[in-house]
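A single chain, nothing else alongside it, follows as structure tokens in the form predicted on its own.
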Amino acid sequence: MKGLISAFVSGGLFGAGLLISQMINPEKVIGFLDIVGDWDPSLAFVMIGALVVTFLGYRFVLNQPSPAFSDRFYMPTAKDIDGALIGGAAFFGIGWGLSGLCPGPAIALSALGGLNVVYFLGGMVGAMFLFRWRKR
């Protein structure tokens, strides 16, 4: 039960951060990505803030003997840079640039509705299934 409460609180904080920073606004994101046009640097401050919190948070949390709601840390072990990683990063960047959305903000924005979010999430889920199918 503690894990569910922790997930709910974490998800709520993440969603609130996306809403406050306007990362759920595709026009704001596209303005940030348009570095040769009318560039809006305000999301850079959001990203810098996220990096600082992540850096300090990892330093603090990983010095603990175990997580609060688990018996051990589950850290990624893969270190290979392969075609799947490069292709996934490229598709992520292309999708982000074309739509102004990435998965987290798209899921948060889905609560407000709109066809652009449905198209984005449909494409994202379809690509995930296609990747799993190809991997088999």
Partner chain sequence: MENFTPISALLGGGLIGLAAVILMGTLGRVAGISGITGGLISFSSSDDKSWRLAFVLGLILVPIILVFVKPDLSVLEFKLTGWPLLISGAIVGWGTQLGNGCTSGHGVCGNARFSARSIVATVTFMIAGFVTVFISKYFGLYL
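Superpose the two forms; the largest set of C-alphas matching within 1.5 Å is the rigid core. Numbering follows the first chain given and starts at 1. Model, not experiment: these values are computed from the prediction.
Below, we refer to the form predicted together with its partner chain, which is not included among the displayed structures.
With a 4.5 Å cutoff on heavy atoms, P65 does not count as touching its partner chain in the predicted bound form; it lies far away. For the stretch 81 to 95, the set of residues having any non-hydrogen atom within 4.5 angstroms of its partner chain in the predicted bound form comprises I81, D82, A84, L85, I86, G87, G88, A89, A90, F91, F92, G93, I94, G95, in sequence order. Superposed on the core, the two forms differ at A127: its CA moves 2 Å or more between the shown form and the other one. Once you line up the core between the shown form and the other one, the Cα of G114 ends up 2 Å or more from where it was.
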